[in-house]
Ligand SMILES: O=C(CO)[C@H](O)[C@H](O)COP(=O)(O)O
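The chain below stands alone, shown as structure tokens; this is the form predicted alone.
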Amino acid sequence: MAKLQVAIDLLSTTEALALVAKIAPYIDIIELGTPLIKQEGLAVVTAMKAAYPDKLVFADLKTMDAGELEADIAFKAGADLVTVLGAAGDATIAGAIKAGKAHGKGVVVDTIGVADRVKRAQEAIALGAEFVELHAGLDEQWTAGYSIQVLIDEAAKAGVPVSIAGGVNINNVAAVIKAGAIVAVAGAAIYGAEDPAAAAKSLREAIDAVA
């Protein structure tokens, strides 16, 4: 069954906890975004895991170096999944995966900024990543001519476990799952909605209808 991941780009632990309180029944993975972690530190990870021990807590560190050390710090703080950038060297990714194995947890490789996302996804899975995030960041999404269809097409080509992040919403989430993504990552479609619970419920139902 495909999973729904909420990407939380709010800037306080209080706001993040309040959001998850509304949407928890409908989501599988709670992603604490890079700006949130930079603002609040890994204490936000610890607080979220304590509040929702049954959910997977995803620390979006976007590690570029010192893979084993940074992943170890996040896992000790309560993260179930941490991100390493696909643009990082193989040694950095492998180091983070080593830490993941030591803790019985997982590493997700984020392809933001990678030119050939499909090739890097295949390489990252070979290194032992849990899954690879085919990711168009906020700045890329705001660029004229951007379409999530690029990521959907890449997921279908990759042939390895991937998530898609880059403007997932109720209009495209079914296509995301049909392309083979095992996780759909929704950010603003949930936290920016007038009714986040209703938005998350709709996404969950759309995913489950495909799976």
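Please read these numbers as outputs of a predicted model, since none were measured by experiment. Note that residue numbering follows the sequence shown and begins at 1.
Quick note: we don't show the form predicted together with the ligand, though the next part is all about it.
**Q** Among 31, 112 and 136, does every residue place a heavy atom within 4.5 Å of the ligand in the model of the complex?
**A** Judged in the model of the complex, 31, 112 and 136 all sit within 4.5 Å of the ligand.
**Q** So which of 197, 188, 18, 11 gets a non-hydrogen atom within 4.5 Å of the ligand in the model of the complex?
**A** The residue from 197, 188, 18, 11 that makes the contact is 188.
**Q** Does residue 207 reach the ligand in the model of the complex if we count a contact as any heavy atom within 4.5 Å?
**A** Result no; residue 207 lies far from the ligand in the model of the complex.
**Q** Check residue 168 for me: does it contact the ligand in the model of the complex (non-hydrogen atoms, 4.5 angstroms)?
**A** Yes, residue 168 is a contact residue.
**Q** Whether residue 141 contacts the ligand in the model of the complex should be assessed with a 4.5 Å heavy atom distance threshold; does it?
**A** Yes, residue 141 lies within 4.5 Å of the ligand in the model of the complex.
**Q** Using 4.5 Å between non-hydrogen atoms, is residue 62 touching the ligand in the model of the complex?
**A** Yes - in the model of the complex, heavy atoms of residue 62 and the ligand come within 4.5 Å of each other.
**Q** Determine which one of 36 to 44, 22 to 30, 66 to 74, 160 to 168 lies within 4.5 Å of the ligand in the model of the complex, judging by heavy atom distances; exactly one does.
**A** This holds for exactly one stretch, 160 to 168.
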